[in-house]
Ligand SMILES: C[S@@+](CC[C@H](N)C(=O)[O-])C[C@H]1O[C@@H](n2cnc3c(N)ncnc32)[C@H](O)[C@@H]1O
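The data below hold one chain only, encoded as C-alpha coordinates and taken in the form predicted alone.
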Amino acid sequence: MDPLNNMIARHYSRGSLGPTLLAALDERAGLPLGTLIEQLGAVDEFHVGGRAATQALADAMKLRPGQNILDIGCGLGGTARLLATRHNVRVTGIDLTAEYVEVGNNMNARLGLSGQIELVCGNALALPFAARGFDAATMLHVGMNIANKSALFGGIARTLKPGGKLAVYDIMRTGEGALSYPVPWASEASMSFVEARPFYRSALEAAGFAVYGEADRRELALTFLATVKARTGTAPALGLPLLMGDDAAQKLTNLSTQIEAGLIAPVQILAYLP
(Lines give C-alpha, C1' and ligand atoms only; values in the text may rest on other atoms or scores of the structure.)
Protein backbone atom coordinates (compact mmCIF):
# COMPACT_ATOMS: atom_id res chain seq x y z
CA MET A 1 0.00 0.00 0.00
CA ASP A 2 1.41 3.41 -0.93
CA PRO A 3 2.10 6.07 1.75
CA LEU A 4 -1.05 8.09 1.05
CA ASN A 5 -3.30 5.05 1.25
CA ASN A 6 -1.56 3.99 4.44
CA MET A 7 -2.26 7.43 5.89
CA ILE A 8 -5.92 7.28 4.89
CA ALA A 9 -6.38 3.76 6.29
CA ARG A 10 -4.79 4.83 9.60
CA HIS A 11 -7.05 7.87 9.70
CA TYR A 12 -10.14 5.66 9.67
CA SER A 13 -8.86 2.78 11.79
CA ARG A 14 -9.80 2.72 15.47
CA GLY A 15 -8.55 -0.72 16.52
CA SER A 16 -11.43 -1.48 18.85
CA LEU A 17 -14.56 -1.39 16.71
CA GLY A 18 -15.08 -5.15 16.60
CA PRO A 19 -15.68 -5.81 20.31
CA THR A 20 -17.80 -2.67 20.69
CA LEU A 21 -20.11 -3.34 17.75
CA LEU A 22 -20.45 -7.07 18.27
CA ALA A 23 -21.29 -6.43 21.93
CA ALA A 24 -23.94 -3.96 20.78
CA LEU A 25 -25.43 -6.68 18.58
CA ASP A 26 -25.39 -9.14 21.48
CA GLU A 27 -27.26 -6.62 23.63
CA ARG A 28 -29.95 -6.43 20.96
CA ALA A 29 -30.24 -10.18 20.36
CA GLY A 30 -33.81 -11.16 19.57
CA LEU A 31 -34.77 -7.92 17.85
CA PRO A 32 -36.14 -8.22 14.29
CA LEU A 33 -33.51 -7.85 11.57
CA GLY A 34 -35.07 -4.65 10.27
CA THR A 35 -34.93 -3.08 13.73
CA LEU A 36 -31.27 -4.08 14.13
CA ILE A 37 -30.35 -2.63 10.74
CA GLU A 38 -32.12 0.62 11.64
CA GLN A 39 -30.31 0.93 14.99
CA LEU A 40 -26.94 0.15 13.41
CA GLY A 41 -27.49 3.03 11.00
CA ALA A 42 -26.41 5.45 13.72
CA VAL A 43 -22.84 4.19 13.41
CA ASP A 44 -22.41 2.20 10.20
CA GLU A 45 -23.64 4.93 7.82
CA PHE A 46 -20.44 7.02 8.00
CA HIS A 47 -21.53 9.97 5.88
CA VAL A 48 -23.43 13.21 6.34
CA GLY A 49 -27.15 12.54 6.43
CA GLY A 50 -26.75 8.96 7.60
CA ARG A 51 -29.50 6.48 6.82
CA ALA A 52 -31.85 9.09 5.35
CA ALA A 53 -29.24 10.08 2.77
CA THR A 54 -28.59 6.44 1.88
CA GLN A 55 -32.26 5.65 1.43
CA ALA A 56 -32.78 8.74 -0.73
CA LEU A 57 -29.89 7.62 -2.91
CA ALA A 58 -31.27 4.09 -3.20
CA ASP A 59 -34.77 5.35 -4.05
CA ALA A 60 -33.37 7.60 -6.78
CA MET A 61 -31.53 4.63 -8.34
CA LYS A 62 -34.75 2.58 -8.63
CA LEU A 63 -33.03 -0.68 -7.77
CA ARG A 64 -34.67 -3.98 -8.68
CA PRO A 65 -34.66 -7.18 -6.58
CA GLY A 66 -31.90 -9.60 -7.51
CA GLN A 67 -29.50 -7.01 -8.92
CA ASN A 68 -25.78 -7.12 -8.15
CA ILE A 69 -24.57 -3.87 -6.58
CA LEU A 70 -21.01 -2.67 -5.99
CA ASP A 71 -20.47 -0.34 -3.02
CA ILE A 72 -17.16 1.52 -3.30
CA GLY A 73 -15.76 2.65 0.06
CA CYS A 74 -18.20 0.41 1.91
CA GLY A 75 -16.83 1.11 5.39
CA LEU A 76 -18.50 -1.12 7.97
CA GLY A 77 -21.15 -2.16 5.44
CA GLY A 78 -24.04 0.03 6.52
CA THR A 79 -25.07 0.95 3.00
CA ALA A 80 -24.70 -2.67 1.89
CA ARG A 81 -26.95 -3.89 4.71
CA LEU A 82 -29.64 -1.32 3.93
CA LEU A 83 -29.61 -2.13 0.21
CA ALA A 84 -29.63 -5.87 0.81
CA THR A 85 -32.44 -5.91 3.36
CA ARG A 86 -34.71 -3.16 1.99
CA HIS A 87 -34.19 -3.68 -1.73
CA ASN A 88 -33.42 -7.41 -1.89
CA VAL A 89 -30.21 -7.03 -3.88
CA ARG A 90 -26.81 -8.69 -3.53
CA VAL A 91 -24.02 -6.28 -2.54
CA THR A 92 -20.26 -6.50 -2.87
CA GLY A 93 -18.41 -3.81 -0.93
CA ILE A 94 -14.78 -2.72 -1.10
CA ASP A 95 -12.88 -0.54 1.35
CA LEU A 96 -9.27 0.45 1.99
CA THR A 97 -9.55 0.08 5.78
CA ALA A 98 -8.99 -3.54 6.80
CA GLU A 99 -10.58 -3.06 10.22
CA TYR A 100 -13.84 -1.86 8.66
CA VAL A 101 -13.99 -4.84 6.31
CA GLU A 102 -13.24 -7.40 9.02
CA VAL A 103 -15.74 -5.93 11.48
CA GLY A 104 -18.37 -5.48 8.76
CA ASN A 105 -18.11 -9.10 7.64
CA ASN A 106 -18.34 -10.28 11.25
CA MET A 107 -21.46 -8.18 11.72
CA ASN A 108 -22.98 -9.60 8.55
CA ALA A 109 -22.30 -13.13 9.77
CA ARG A 110 -23.95 -12.36 13.11
CA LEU A 111 -26.97 -10.93 11.27
CA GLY A 112 -27.26 -13.84 8.84
CA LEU A 113 -26.42 -11.70 5.81
CA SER A 114 -23.15 -13.28 4.65
CA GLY A 115 -24.90 -14.98 1.76
CA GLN A 116 -26.15 -11.67 0.43
CA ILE A 117 -23.25 -9.31 1.24
CA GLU A 118 -19.49 -9.68 0.75
CA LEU A 119 -17.03 -7.00 1.87
CA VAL A 120 -13.44 -7.07 0.60
CA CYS A 121 -10.38 -5.01 1.46
CA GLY A 122 -8.94 -3.23 -1.54
CA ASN A 123 -8.21 -0.03 -3.45
CA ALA A 124 -11.00 1.77 -5.32
CA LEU A 125 -8.45 2.64 -8.01
CA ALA A 126 -7.66 -1.04 -8.63
CA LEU A 127 -11.03 -2.79 -8.35
CA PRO A 128 -10.46 -6.59 -8.22
CA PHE A 129 -13.68 -7.46 -10.04
CA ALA A 130 -14.49 -8.84 -13.46
CA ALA A 131 -15.75 -6.54 -16.19
CA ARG A 132 -19.50 -6.09 -16.62
CA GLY A 133 -20.34 -7.91 -13.38
CA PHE A 134 -22.55 -5.33 -11.64
CA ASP A 135 -25.91 -3.76 -12.41
CA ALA A 136 -25.21 -0.61 -10.38
CA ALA A 137 -22.67 0.97 -8.04
CA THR A 138 -22.82 3.30 -5.06
CA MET A 139 -20.12 5.56 -3.66
CA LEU A 140 -20.86 7.53 -0.50
CA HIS A 141 -18.25 9.95 0.88
CA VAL A 142 -15.31 8.36 -0.90
CA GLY A 143 -14.13 10.79 -3.57
CA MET A 144 -12.84 13.25 -0.97
CA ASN A 145 -9.92 10.85 -0.35
CA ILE A 146 -9.15 10.17 -4.02
CA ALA A 147 -7.33 12.66 -6.23
CA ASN A 148 -7.63 10.86 -9.57
CA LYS A 149 -11.37 10.78 -10.02
CA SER A 150 -11.11 10.06 -13.74
CA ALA A 151 -9.30 6.80 -12.97
CA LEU A 152 -11.79 6.08 -10.19
CA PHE A 153 -14.84 6.44 -12.45
CA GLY A 154 -13.11 4.66 -15.32
CA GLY A 155 -12.53 1.63 -13.10
CA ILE A 156 -16.13 1.65 -11.91
CA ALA A 157 -17.40 1.91 -15.49
CA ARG A 158 -15.42 -1.24 -16.39
CA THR A 159 -17.27 -3.25 -13.73
CA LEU A 160 -20.78 -2.16 -14.78
CA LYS A 161 -23.07 -3.73 -17.35
CA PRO A 162 -24.32 -1.53 -20.21
CA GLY A 163 -27.04 0.68 -18.77
CA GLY A 164 -25.53 0.29 -15.31
CA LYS A 165 -26.07 3.13 -12.85
CA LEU A 166 -23.65 4.89 -10.53
CA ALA A 167 -24.84 6.92 -7.54
CA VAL A 168 -22.29 9.28 -5.95
CA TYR A 169 -22.82 11.07 -2.65
CA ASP A 170 -19.73 13.11 -1.77
CA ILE A 171 -18.74 16.29 -0.01
CA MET A 172 -18.08 18.77 -2.82
CA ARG A 173 -16.83 22.31 -3.18
CA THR A 174 -19.56 24.94 -3.26
CA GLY A 175 -17.42 28.02 -2.58
CA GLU A 176 -13.89 29.38 -2.57
CA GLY A 177 -11.56 29.39 0.42
CA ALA A 178 -9.14 27.18 2.34
CA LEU A 179 -10.66 24.30 4.28
CA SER A 180 -10.00 23.76 7.99
CA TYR A 181 -8.91 20.40 9.39
CA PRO A 182 -9.49 17.93 10.90
CA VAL A 183 -12.74 16.83 9.27
CA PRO A 184 -14.28 13.34 9.28
CA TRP A 185 -12.48 12.25 6.09
CA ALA A 186 -9.08 13.85 6.68
CA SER A 187 -6.87 14.94 9.54
CA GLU A 188 -4.88 17.23 7.22
CA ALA A 189 -5.01 18.72 3.72
CA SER A 190 -2.63 16.17 2.18
CA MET A 191 -5.29 13.45 2.27
CA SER A 192 -8.23 15.61 1.15
CA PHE A 193 -9.26 16.00 -2.49
CA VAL A 194 -12.57 17.87 -2.43
CA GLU A 195 -13.78 19.05 -5.84
CA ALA A 196 -16.80 20.89 -7.24
CA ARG A 197 -19.70 19.43 -9.19
CA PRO A 198 -18.32 20.42 -12.64
CA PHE A 199 -15.13 18.48 -11.88
CA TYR A 200 -17.16 15.39 -11.03
CA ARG A 201 -19.33 15.75 -14.12
CA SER A 202 -16.27 16.04 -16.36
CA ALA A 203 -14.62 12.99 -14.79
CA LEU A 204 -17.81 10.95 -15.08
CA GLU A 205 -18.34 11.91 -18.71
CA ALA A 206 -14.70 11.14 -19.53
CA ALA A 207 -15.29 7.64 -18.15
CA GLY A 208 -18.30 7.16 -20.43
CA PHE A 209 -21.09 8.02 -17.99
CA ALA A 210 -24.07 10.25 -18.71
CA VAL A 211 -25.16 12.34 -15.73
CA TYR A 212 -28.93 12.40 -15.27
CA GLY A 213 -29.46 13.83 -11.80
CA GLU A 214 -27.87 16.14 -9.25
CA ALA A 215 -29.03 17.30 -5.82
CA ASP A 216 -27.45 19.54 -3.19
CA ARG A 217 -28.05 18.07 0.30
CA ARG A 218 -26.87 21.06 2.33
CA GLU A 219 -30.00 21.43 4.45
CA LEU A 220 -30.16 17.72 5.21
CA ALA A 221 -26.52 17.90 6.26
CA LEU A 222 -26.98 20.80 8.66
CA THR A 223 -29.96 19.18 10.36
CA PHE A 224 -28.13 15.87 10.64
CA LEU A 225 -24.92 17.42 12.00
CA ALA A 226 -26.77 19.47 14.59
CA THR A 227 -28.29 16.27 15.94
CA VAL A 228 -24.99 14.38 15.96
CA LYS A 229 -23.11 17.24 17.62
CA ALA A 230 -25.74 17.55 20.33
CA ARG A 231 -25.21 13.90 21.23
CA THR A 232 -21.40 13.92 21.10
CA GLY A 233 -19.98 13.05 24.50
CA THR A 234 -23.27 11.73 25.82
CA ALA A 235 -24.32 9.33 23.06
CA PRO A 236 -24.53 5.57 23.53
CA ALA A 237 -21.99 3.28 21.85
CA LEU A 238 -23.78 3.38 18.50
CA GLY A 239 -22.97 6.80 17.09
CA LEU A 240 -20.64 8.37 14.51
CA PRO A 241 -18.26 9.78 17.17
CA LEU A 242 -17.24 6.16 17.79
CA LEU A 243 -15.69 6.15 14.30
CA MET A 244 -13.98 9.54 14.57
CA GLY A 245 -11.85 9.14 17.67
CA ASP A 246 -10.96 11.62 20.39
CA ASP A 247 -11.21 14.65 18.09
CA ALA A 248 -14.73 13.81 16.90
CA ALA A 249 -16.18 17.06 18.26
CA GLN A 250 -13.60 19.17 16.40
CA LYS A 251 -14.14 17.25 13.16
CA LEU A 252 -17.89 17.78 13.37
CA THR A 253 -17.52 21.45 14.25
CA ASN A 254 -15.17 22.10 11.32
CA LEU A 255 -17.47 20.23 8.97
CA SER A 256 -20.67 21.99 9.97
CA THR A 257 -18.97 25.42 10.08
CA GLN A 258 -17.72 25.03 6.52
CA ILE A 259 -21.07 23.81 5.25
CA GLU A 260 -22.78 26.76 6.92
CA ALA A 261 -20.22 29.11 5.36
CA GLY A 262 -21.00 27.77 1.89
CA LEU A 263 -17.55 26.29 1.25
CA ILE A 264 -18.68 22.68 0.95
CA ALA A 265 -21.84 20.56 0.95
CA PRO A 266 -22.83 16.95 0.35
CA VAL A 267 -24.03 16.48 -3.23
CA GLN A 268 -25.77 13.53 -4.88
CA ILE A 269 -24.98 12.78 -8.51
CA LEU A 270 -26.65 10.04 -10.56
CA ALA A 271 -25.13 8.70 -13.77
CA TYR A 272 -25.47 5.72 -16.09
CA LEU A 273 -23.59 3.99 -18.89
CA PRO A 274 -25.44 4.57 -22.20
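If you're wondering where the values come from, they're calculated on a predicted model, not measured in any experiment. Counting begins at 1, following the sequence as shown.
The same protein also has a form predicted together with the named molecule, omitted here; what follows describes it.
In the predicted complex, the named molecule lies within 4.5 Å of some heavy atom of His141. Shown alone here, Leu96 lies within 4.5 Å of the named molecule in the predicted complex, counting heavy atoms only. At the 4.5 Å threshold, heavy atoms of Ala124 reach the named molecule in the predicted complex. By the criterion of a heavy atom within 4.5 Å, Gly164 is excluded from the residues contacting the named molecule in the predicted complex. Only one of 198 to 206, 128 to 136, 105 to 113, 144 to 152 lies within 4.5 Å of the named molecule in the predicted complex by heavy atoms, and it is 144 to 152. For the marked spot (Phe224, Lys229 and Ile259), a heavy atom within 4.5 Å of the named molecule in the predicted complex is absent from each of the three residues. Residues from 30 to 59 that approach the named molecule in the predicted complex with a non-hydrogen atom closer than or equal to 4.5 Å are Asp44, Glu45, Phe46, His47, in the order they occur in the chain.
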